[in-house]
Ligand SMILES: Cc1cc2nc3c(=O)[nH]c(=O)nc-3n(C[C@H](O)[C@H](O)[C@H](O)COP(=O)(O)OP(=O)(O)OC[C@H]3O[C@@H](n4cnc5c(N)ncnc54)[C@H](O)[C@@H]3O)c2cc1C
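Below you'll find only one chain, the form predicted on its own, shown as structure tokens.
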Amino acid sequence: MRRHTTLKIGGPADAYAEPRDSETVVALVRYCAAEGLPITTIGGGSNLLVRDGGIRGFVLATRALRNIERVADAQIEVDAGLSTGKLLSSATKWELGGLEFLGGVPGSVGGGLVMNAGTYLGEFKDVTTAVRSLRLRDGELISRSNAECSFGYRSSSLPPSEVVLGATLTLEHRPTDQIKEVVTALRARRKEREPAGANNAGSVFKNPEGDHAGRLIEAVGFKGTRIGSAECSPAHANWFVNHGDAKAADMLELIAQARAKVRAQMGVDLVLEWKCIGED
């Protein structure tokens, strides 16, 4: 699985599939349901740590579901596997604003919806009208409104027992130059603050209310701590990086130590933003 995650960490899966259309996803899910085979779903592999023991059963990746269509004046239909970068560039071409918050944000639409990805400029909840998903136990198609998704800070009520297939997004008219100006500024800001040259999965912990996880981790002297090839980045304490051959066990130990130090010295329990899956 290390070949399918941005951290480049993870043991083997029993089977791996990247269907190219929703019909194939439905067929695969219904087959696994009939045969009693477990399914684990992933998107583009960012924000994800796969344990060293790998994953039993089928891994269903939605990254090949990449259709995007303008279905109304300021409304688009987008598949779960489309990258956030491609989504932003398509909307910019159509002079549709509201997605500027995705500038420099890695990952795919499906994962972004599940975790309500965003920045200080906005989040998926601000532009999402409806989400389409598929129930894994029987292959039933489900549609939810924005309110039914219960979007929160880096969270939603979209359940792990379903796979997100796509969404309807409602945007607003905005000149291309205006969109590009905002996106360029955001990308420059992220580039200044975030580590380069090593594999990572984005922010490790959610920001506690009224504070920043990176500030807390740095305050307890944890920045630069390394276990094997896993390191709390010297560039940004809330980014843990893989310098080449890190194991999931190394990264999990780094996470545990950071949490313990922040809890002991600052009295704050850090909440993991990454999704951890698989067996030890």
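Note that the coordinates shown come from a computational prediction; the quantities given were computed from them, not determined experimentally. Residue indices: 1-based, along the sequence shown.
Beyond what is shown, the protein has a form predicted in complex with the named molecule; the following relates to that form.
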Query raised in the report: Which listed residue (Val241, Ala237, Val59, Leu48) meets the criterion of a heavy atom within 4.5 Å of the named molecule in the predicted bound form?
Result: Leu48
Query raised in the report: Can you pick the one in Val78, Val127, Ala201, Ala91 that has a heavy atom within 4.5 Å of the named molecule in the predicted bound form?
Result: Ala201
Query raised in the report: When the named molecule is placed as it is in the predicted bound form, which of 139-147, 68-76, 176-184, 157-165 ends up with heavy atoms within 4.5 Å of it?
Result: 157-165
Report task. Would you check, heavy atoms only and a 4.5 Å threshold, whether Gly97 touches the named molecule in the predicted bound form? Result -> no
Query raised in the report: Is Arg190 close enough to touch the named molecule in the predicted bound form, meaning at least one heavy atom pair within 4.5 Å?
Result: yes
Query raised in the report: Do Arg2 and the named molecule come within 4.5 Å of each other in the predicted bound form, heavy atoms counted?
Result: no
Query raised in the report: Does Lys275 reach the named molecule in the predicted bound form if we count a contact as any heavy atom within 4.5 Å?
Result: yes
Query raised in the report: Going by heavy atoms, what in 108-138 lies within 4.5 angstroms of the named molecule in the predicted bound form?
Result: Ser108, Gly110, Gly111, Gly112, Val114, Met115, Ala117, Gly118, Thr119
